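Take a look at this one chain, the form predicted on its own, written out in structure tokens.
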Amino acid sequence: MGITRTFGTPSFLEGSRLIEQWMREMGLQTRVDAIGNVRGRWVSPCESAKTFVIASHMDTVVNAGRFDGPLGVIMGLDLLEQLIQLGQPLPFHIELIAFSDEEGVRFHTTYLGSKVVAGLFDDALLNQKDASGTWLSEVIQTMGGDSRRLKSDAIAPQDWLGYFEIHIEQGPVLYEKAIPVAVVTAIAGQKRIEITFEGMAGHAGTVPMAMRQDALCAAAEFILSAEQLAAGQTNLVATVGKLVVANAASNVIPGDVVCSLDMRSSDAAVLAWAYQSLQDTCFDIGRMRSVTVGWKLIQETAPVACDAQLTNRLATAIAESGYDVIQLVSGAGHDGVPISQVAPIAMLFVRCFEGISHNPLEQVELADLAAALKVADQFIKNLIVD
């Protein structure tokens, strides 16, 4: 059975309380900030100390598995517990953060939690509504937060030392290679588009084929064009994951169709080229089929390179822990995307069963969890020594 823990819901609040309890029991200074991030801080005695953030997200997609997001929070708890037991004073503060909303399921706005911590939250997002018509600002208030405090919850750019996240790979590379961990070198940029095809509904038995304005056929032709374009590139993926046919019936020619388009690449130029190419193709199909096309950019993020120095340190920790060093680009988005604008970031991938993610079948072996903890522990200890 899957897990659904979307922003501000009862299951979300239950998870938030549990994480804060775990942090408090470890002796961390804890708080829940205005956007719902759960934050636990271990303070350095050094007056001029900067802050190193270990983080992941606690929200999920609908019908999710157990590991995407929460794994990084739980492993961060383990890392801090081991460091606290050593009793060694830190040269920098460590803040463990369970981000409130990375997936963007409820309000179609990803990275809400990390945008606040990075000081990049756009107040216009407060007017976003969920499917029930509830504003984001209302949900924040219901959770006990205050939207007026969002800016003050940011870590100032000059106070950052770095950012580290542990996450399942969400792909099959490590599984196929039988290697437990990998260092992430970059996070792909994304563009999400909503496309509408408006034709003319009609009787399936009486309108001649040559005279139809079939919105679904236009959408189908576009979907195959998107697949063909992406298949011809080595650094691009394109997915139509949602298709809505209005007033669908077996004996009615589809008159109105809405579909999604998700495009990703670690190369900004490739992503821009694909976006323009598919937009042109979409409108060409509409003209040829006498179907009106609407194209709306819903969300976009630029490709992000992980910090070279921190990435090299992480690769060193992998090697010192006795594992092969594998470098991967993340096709999925992560909270490191907004954080990268204010701090150096590093990410560690953990092997998952067949690369399955956003699915109740998500699974990570204990041996791979142990390997990831060994690497992460070595990585943090090296930072402390240096």
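Superpose the two forms; the largest set of C-alphas matching within 1.5 Å is the rigid core. Numbers for residues come from their place in the sequence shown, where the first is 1. Bear in mind the structure is a predicted one, so any value in this text is a computation, not a measurement.
Below, we turn to the form predicted together with a further copy of the same chain, even though it does not appear here.
With the partner left out here, a further copy of the same chain still marks one of 146-154, 215-223, 119-127, 133-141 in the model of the complex; by a 4.5 Å heavy atom cut-off that stretch is 215-223. For the chain shown alone, Val207 is a contact residue for a further copy of the same chain in the model of the complex, at least one non-hydrogen atom being within 4.5 angstroms. Contact annotation: Ile253 falls within 4.5 Å of a further copy of the same chain in the model of the complex, judged by heavy atom distances.
Using a 4.5 Å cutoff between non-hydrogen atoms, Thr281 does not count as a contact of a further copy of the same chain in the model of the complex. Under a 4.5 angstroms non-hydrogen atom cutoff, a further copy of the same chain in the model of the complex has Asp262 among its neighbouring residues. A heavy atom within 4.5 Å of a further copy of the same chain in the model of the complex is found for exactly one of Ala308, Leu297, Ala272, Ala248: Ala248.
With the partner removed from view, the residue among Gln82, Thr301, Thr316, Thr239 that has a non-hydrogen atom within 4.5 Å of a further copy of the same chain in the model of the complex turns out to be Thr239. The single residue of 282-310 lying near a further copy of the same chain in the model of the complex is Arg289, the criterion being any heavy atom within 4.5 Å.
Fitting the two forms on the rigid core leaves the C-alpha of Leu79 displaced by under 2 angstroms between this form and the one not shown.
With the core held fixed, the Cα of Thr109 is displaced between this form and the one not shown by less than 2 Å. Wider separation of the C-alpha atoms of Ile223 and Ala64, by 3 angstroms or more, is seen in the model of the complex than in the present form. Compared with the form shown here, the Cα atoms of Ser260 and Asn127 sit 3 Å or more farther apart in the model of the complex.
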